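Next comes just one chain, in structure tokens: the form predicted alone.
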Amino acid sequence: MAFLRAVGRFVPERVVANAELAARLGCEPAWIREVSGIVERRYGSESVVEMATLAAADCLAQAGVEASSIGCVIVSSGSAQRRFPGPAAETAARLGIGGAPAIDLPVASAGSLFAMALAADLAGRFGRVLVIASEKMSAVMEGAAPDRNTAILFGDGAGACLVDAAEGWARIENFKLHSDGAFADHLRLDFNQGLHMDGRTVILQAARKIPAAIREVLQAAGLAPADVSAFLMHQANQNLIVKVAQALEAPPEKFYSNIARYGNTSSASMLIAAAEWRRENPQAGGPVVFAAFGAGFHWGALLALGS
């Protein structure tokens, strides 16, 4: 058994509005909002490790626990600054978590969801598992000739959640994870290259696969979309979030969205959204569904039952 104990986040101070990007990319600010739902995003001077550490510290403060009590750390990032080592060990060291296993999970966009699922299984062995997702997507965008269809989307940030074997505000009921490498070339970041994204294929597949995964976890628990209190998704594109709500025939207001403020922060986005939703709804009960889709393709959903 595993519980969600707390959720935290960090976003950089620098705000990059659509007007700033539009001037650089030769497009209109209104077009950016129309195709993505994004109004602004954050670019940070902080590294992936620095953002991960700050988000984790926020999460631990929300939980009221010491870093020394953490038994395992999992860090998701698809934008780390080097091939190896990944950011997990350094992040754990900065937090003062010495000797505990620190696992890197380089799964863009869906990494935080996969990490939460792993943490749910590992909590029985390690007690408390700290999940962190940190992405510096501005560095990815600046590292190659800008493609306006992708450059408009991404921002920087980090999110974290504490999975506890003993207590929390919601119990992890079940999860469903899937991967399909047949689509690997459609969303990729090669060494020394810019981000390649076949937007049409990504949106088409995500709009089909995310609702299917959500139905899987709900049906396994004997629940319907109408029973869910909140859907906390990877913040990829506002139009995609709307498509998922329509496919599930669920009220769109149940789908928390902060993409207008932060853009797509890859694997960090779902936990940033969860942290903000939790702070805005500290007494919320009932079922909560987490869902994500990303490069690989990797996708899935996780169901947590609140008290």
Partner chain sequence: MTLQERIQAVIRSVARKPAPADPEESLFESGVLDSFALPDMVSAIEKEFGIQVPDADLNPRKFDSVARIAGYIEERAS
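Numbering follows the first chain given and starts at 1. This is a predicted model, so every value here is computed, not measured.
Not pictured, yet referred to below: the form predicted in complex with the partner chain.
*Asks:* Taking the partner chain in the predicted complex as the reference, which of S229, N174, T201, S179 has a non-hydrogen atom within 4.5 Å?
*Replies:* So the residue touching the partner chain in the predicted complex, by this definition, is T201.
*Asks:* Can you pick out, from A67, C27, V35, A260, the residue that has a heavy atom within 4.5 Å of the partner chain in the predicted complex?
*Replies:* Result of the distance check: V35.
*Asks:* Pick from 95-103, 201-209, 130-138, 163-171: which stretch has a heavy atom within 4.5 Å of the partner chain in the predicted complex?
*Replies:* So the stretch in question is 201-209.
*Asks:* Is S47 near the partner chain? Define near as a heavy atom within 4.5 Å, in the predicted complex.
*Replies:* No - in the predicted complex, heavy atoms of S47 and the partner chain never come within 4.5 Å of each other.
*Asks:* Any of the heavy atoms of Q62 lying within 4.5 Å of the partner chain in the predicted complex?
*Replies:* Q62: no contact with the partner chain in the predicted complex.
*Asks:* Can S79 be called a contact residue for the partner chain in the predicted complex at 4.5 Å between heavy atoms?
*Replies:* Because no heavy atom of S79 falls inside 4.5 Å of the partner chain in the predicted complex, the answer is no.
*Asks:* Residue-level question: is K254 within 4.5 Å of the partner chain in the predicted complex, judged on heavy atoms?
*Replies:* Residue-level check for K254: no, no contact with the partner chain.
*Asks:* Does anything in 17-33 come within 4.5 Å of the partner chain in the predicted complex by heavy atoms, and if so which residues, in order?
*Replies:* Contacts from 17-33: none.
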